[in-house]
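This text opens with one protein chain seen in two forms, each one given by itself as structure tokens under the names structure 1 and structure 2.
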Structure 1
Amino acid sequence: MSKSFGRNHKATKAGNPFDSGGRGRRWRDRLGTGVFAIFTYFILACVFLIIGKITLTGAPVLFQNEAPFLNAEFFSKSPMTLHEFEDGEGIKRRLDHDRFVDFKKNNPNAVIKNEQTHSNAGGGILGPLVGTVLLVVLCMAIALFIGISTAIYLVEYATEGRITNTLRLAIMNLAGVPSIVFGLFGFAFFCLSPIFPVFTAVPDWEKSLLAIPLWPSDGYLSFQGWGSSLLAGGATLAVMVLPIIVAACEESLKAVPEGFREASLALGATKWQCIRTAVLPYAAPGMLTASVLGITRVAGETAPIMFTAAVVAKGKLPWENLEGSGLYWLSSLLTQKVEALPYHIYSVSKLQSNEALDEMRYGSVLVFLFLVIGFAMISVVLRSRYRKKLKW
């Protein structure tokens, strides 16, 4: 910094009184700014690299050159074993397990040489995809029902006091608890504690606390815990997003101007009419944003479902081959283990690498990544549109 600004300004060449004269400060400024800029661009480069690598490697699996351009089989088949072999003419062939069985049945005399099997390298990702969708739907149904009601109670009904403050504090702190801890809780609570009932023809007498025979059907309502199941996984995930949902819904309820409530009440509306007609319609967009945000959060989680819901391979879709009908059918649908996309990725990540498996893995990861990022983007768009609309 020029110490003699003012007195000496004629000394500067162009005669500009505002020339700083010294170069030191400007260079230090540029250097500092440059370093920070490099840091920022470096982060972006890393992300770009990771997403780019996954996209480039995974895209060939998902897309193809001819119509319909999307590899339909990848989305319509579940993971299965891939058979790699040389046929009679010495041509290398790769067949999914179902095709391989057909092939052998149709060509009983076919020569199969150098057969190699790669587990999870064939088929597609239908099973895990369906499992993840079911888990997310179930989780959001539970979480939104309880979360929105809790927020309505806190904002519209509850007297501010110790209880509401405790609840708020607990909710705020729960958001930072590691997801694996929720998994532990879900395992002990939903899977094992015998306070959760199932409808079943054959109760697990060892675990069952109480089995009520349901006459006239020959089944029971058995309190034996949900076990590792779709329902337990969904409930665990719901507990995990509950803090996020409650906090976000509370915020959007509070954003509805007090004037709406006053006007509605002054016109003779009951409390519930006031909430239903003068509060909820205006808080709904915010709640929608919250739920999409919640979906982003749960769809990406692996740890809480690892031992509460997920299974490596199933070989059938959740609704296939279920026993019983009516309530029993529903109960066995909800209390079975499911495949889930993140857990599928986890289990195939640990397998020994080979060409066919790598394609499948990158394909699955790409689908999963874009699914989750897609939801995140929707929530960002929703939020900005909602903010713009919010001008009362």
Structure 2
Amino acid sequence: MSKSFGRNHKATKAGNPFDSGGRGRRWRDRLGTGVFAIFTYFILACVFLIIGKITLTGAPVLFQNEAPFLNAEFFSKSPMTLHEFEDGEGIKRRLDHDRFVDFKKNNPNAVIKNEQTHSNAGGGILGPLVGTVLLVVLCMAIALFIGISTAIYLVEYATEGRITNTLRLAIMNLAGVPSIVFGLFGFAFFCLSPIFPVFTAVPDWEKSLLAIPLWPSDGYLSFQGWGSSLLAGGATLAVMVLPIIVAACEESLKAVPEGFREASLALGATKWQCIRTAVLPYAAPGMLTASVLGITRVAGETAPIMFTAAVVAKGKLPWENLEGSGLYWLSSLLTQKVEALPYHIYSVSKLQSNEALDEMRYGSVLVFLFLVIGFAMISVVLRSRYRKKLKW
């Protein structure tokens, strides 16, 4: 009896794939754990190396030893040409265009030798920073409205079938389209197509498909397209980020227990009342997470805005010297080109590397990193505060 039990026990132990006995298996387990840990910490090291390099090189551009310890000019000036030269005494000088003009005015007899100019390497990043914020805010306003509406329809209204599966497949395929294709699509559809209206005092009759006079004002509602503009760039980025928004919002809506819907409908609520009061409040934290994912995706895109919105140098902020008021002022604001931080970094990076250009590059990248982290932190804080108010 005991011998038979011993043989059966040994056979069971030998055939047990989850048995951790044996020195060889333990060493293999430790080796596998070490390999996984190496890969994990390698990713962490890459993150620290990238952020460390950007911070060490860009921090001296943003911060200074004297009060207010922040390089205010870097944030208060738009990009301009940088002049590097030697004066008559052999002193090397590095001045942006405004200071170079003042230097020549105040020193008409100054000797300038070995002058070199670098486009957009002087001044600051105020224009690109403002343009990036406007593009991101406009993009997320469009994308969240359309994305949340689409997710609500797919989860709450649409019946499962071939059409719904086709819609989901189309959204998934949209996520795999390269950003350069979105740029070409936005340029052809939003910039050149005359089906999109603008408010204008004088329509572009060559491009206008239809111009409707507005009474009592002297303006027109002109269907002439948006052209290369802030609005076209924001709409293009919104289309690009829609798959992420829709997928995240769908998962948030599906995570709400079905009992919430059943209880609401049992009390006599309509379908929309049920969604508005018993579903959306509990799915909102996940939807805010979707906004975080969307911001981190679109904020750094260069190719789409290169075709639809961005300009290398402008010299003025988007709201300066606009004509009209009310809707005409808003239309004029939205239908103009803007500077953007990713495109500014790209344009400066094309130039030959030197100390002055590296300062502008890494300073701009560090500010851009802070900007993206700031947007993400706002969404995370809002999500955390909103989730604390909910009681399941």
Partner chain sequence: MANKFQSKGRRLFGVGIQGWIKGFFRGNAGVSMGVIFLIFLFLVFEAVRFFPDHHRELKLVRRTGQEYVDFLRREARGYQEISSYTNQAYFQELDARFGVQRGLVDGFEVLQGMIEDGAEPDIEALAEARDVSDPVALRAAEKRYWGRVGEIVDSAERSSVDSFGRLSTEESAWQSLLQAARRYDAVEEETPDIILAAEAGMESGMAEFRKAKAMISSAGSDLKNLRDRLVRIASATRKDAETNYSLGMRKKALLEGSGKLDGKAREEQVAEAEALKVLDQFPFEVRVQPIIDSHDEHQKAAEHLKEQLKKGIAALPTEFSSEASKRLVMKIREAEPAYLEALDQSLEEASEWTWNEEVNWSSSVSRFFLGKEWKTASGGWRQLYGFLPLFTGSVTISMIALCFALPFSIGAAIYVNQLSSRWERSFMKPAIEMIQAIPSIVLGFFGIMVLGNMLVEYSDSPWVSWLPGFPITERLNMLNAGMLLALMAIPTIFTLCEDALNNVPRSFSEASLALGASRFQTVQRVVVPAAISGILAAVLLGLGRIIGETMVVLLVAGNRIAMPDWGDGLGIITQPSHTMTGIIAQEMGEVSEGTLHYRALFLIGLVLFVISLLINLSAQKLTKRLGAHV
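FYI, numbering is relative to structure 1, first residue = 1. For the two forms, the rigid core is made up of the largest set of C-alpha atoms that agree within 1.5 Å on superposition. Just so we're clear, the structure is a prediction, and the values are computed from it rather than from any experiment.
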key: Selected structure - the one that is the form predicted alone   = 2
message = Does Trp329 shift between structure 1 and structure 2 by 2 angstroms or more at the C-alpha, the core having been superposed?
response = no
message = Tell me whether Val137 is among the residues that move between structure 1 and structure 2 (Cα shift of 2 angstroms or more, core superposed).
response = no
inquiry  = Relative to the superposed rigid core, does Asn107 relocate between structure 1 and structure 2 - that is, does its Cα move 2 Å or more?
reply    = yes
key: Core-aligned CA shift between structure 1 and structure 2 for Leu371 (Å)   = 2.7
